[in-house]
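The chain that follows stands alone, in the form predicted alone, written as structure tokens.
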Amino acid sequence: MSGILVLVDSCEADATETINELLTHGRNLANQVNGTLEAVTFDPRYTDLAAGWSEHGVDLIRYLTNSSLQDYGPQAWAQGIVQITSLVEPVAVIACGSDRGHEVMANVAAILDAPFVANCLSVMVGEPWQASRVQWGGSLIEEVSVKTALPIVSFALHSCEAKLSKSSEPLEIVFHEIELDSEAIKTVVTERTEKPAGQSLETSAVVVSGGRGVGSADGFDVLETLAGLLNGKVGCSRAVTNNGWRSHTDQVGQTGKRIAPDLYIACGISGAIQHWVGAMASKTILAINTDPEANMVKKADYAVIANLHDVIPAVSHEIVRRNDR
């Protein structure tokens, strides 16, 4: 094989956007080496998504199975990928900069005793390869040279816009029964809790987030109302979860969710770098804050300098009034 091997680590609906972004990066690399883009997956639901993968540049799907592996297992997946790289000899192996992508690629790199370059924004093929990657929670961009026989790379979430690269066409599916040792299947998912139906924080087109300035758990009621009117989701900063006002699952930031909504409304959020890392891919940012010098206000596309408990109810009231016309 003269091409790029890409791990599709999830076939969940809420991962579609980030996977399509990864495939766009992969297609760009495949074009640079005049090679193919081959998707590796362990998820049988790939059949529902194959047409979309084709449109985003995938030429072939490799489906890996083992009777001992019914769900996610980082060491097991890594062993499977290593076996495929030995078989097809790709130019590079890439993955999404998700928790799962990083975990699997770190295991692959450990098995192969090879360098792993994480959270890349862009990669250029050459001697050596050149990469730009996010460091220190997004506070700096590092330029690195990669000298290795097999580059192992993850791309930062929302580091490019997903683009269609060809018309949809039936993809060849190659089935691989992988071999796993006893160590590889010690850490696997054995039980899952079903997610609530509907959009998630990561996929919502509108996110209304609150920070310490909201004041209390009850203070989020006005944000919930506004998000409902805008068909959006409510997020929060780390300070909010530390205070126990919201669940960690609602947190936007370096240690929470990384989002890319069309509109991000940041209410009472100072905008520390850890939070900014999670929100910076938003298309448009509206900050509501009493402090005109707050970092989020300075970075926002639009800002309202006022108390959020005055502004948010007024905005919700106006939306209702216009909808009732």
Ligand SMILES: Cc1cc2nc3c(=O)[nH]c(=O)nc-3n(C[C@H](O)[C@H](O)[C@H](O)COP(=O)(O)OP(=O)(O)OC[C@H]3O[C@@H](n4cnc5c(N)ncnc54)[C@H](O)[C@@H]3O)c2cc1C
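Worth saying up front: this structure is predicted, and the values here are computed from it rather than measured. Residue numbers run from 1 along the displayed sequence. By rigid core we mean the largest C-alpha set that fits within 1.5 Å across both forms.
Unshown form predicted in complex with this ligand; subsequent notes refer to it.
Participant: Only one of 213, 74, 219, 232 has a non-hydrogen atom within 4.5 angstroms of this ligand in the predicted bound form; which is it?
Facilitator: Filtering the options by heavy-atom distance leaves 213.
Participant: Would you kindly say which of 50, 64, 69, 272 lies with a heavy atom within 4.5 Å of this ligand in the predicted bound form?
Facilitator: Checking each option against this ligand in the predicted bound form, the one that comes within 4.5 Å is 272.
Participant: This ligand in the predicted bound form: within 4.5 Å of a heavy atom of each of 237, 291 and 308?
Facilitator: The answer is yes; 237, 291 and 308 each reach this ligand.
Participant: Tell me, please, which stretch of 262 to 270, 55 to 63, 25 to 33, 40 to 48 lies within 4.5 angstroms of this ligand in the predicted bound form when heavy atoms are compared?
Facilitator: Flagged stretch: 262 to 270.
Participant: Residue-level question: is residue 175 within 4.5 Å of this ligand in the predicted bound form, judged on heavy atoms?
Facilitator: Result no; residue 175 lies far from this ligand in the predicted bound form.
Participant: Hey, in the predicted bound form, does residue 79 get a heavy atom within 4.5 angstroms of this ligand?
Facilitator: No, no contact at 4.5 Å.
Participant: My question is simply whether residue 208 lines the interface with this ligand in the predicted bound form - judged by any non-hydrogen atom within 4.5 Å.
Facilitator: Although this ligand is absent here, residue 208 would stay clear of it in the predicted bound form, with no heavy atoms inside 4.5 Å.
Participant: Quick one: does residue 97 come within 4.5 Å of this ligand in the predicted bound form, counting heavy atoms only?
Facilitator: Answer no; every heavy atom of residue 97 is more than 4.5 Å from this ligand in the predicted bound form.
Participant: What residues of 220 to 258, in sequence order, lie within 4.5 Å of this ligand in the predicted bound form by heavy atom?
Facilitator: 237, 238, 239, 251, 252, 253, 254, 255, 256 sit within 4.5 Å of the partner.
Participant: Can a Cα shift of no less than 2 Å be assigned to residue 251 between this form and the one not shown, given superposition on the rigid core?
Facilitator: True for residue 251: a C-alpha shift of 2 Å or more.
Participant: Indicate whether residue 115 shows a C-alpha shift of 2 Å or more between this form and the one not shown, with the rigid core used for the fit.
Facilitator: Residue 115: C-alpha displaced by less than 2 Å between this form and the one not shown.
Participant: Once both forms sit on the same rigid core, is the C-alpha displacement of residue 211 at or above 2 Å between this form and the one not shown?
Facilitator: Yes; that C-alpha moves by at least 2 Å between this form and the one not shown.
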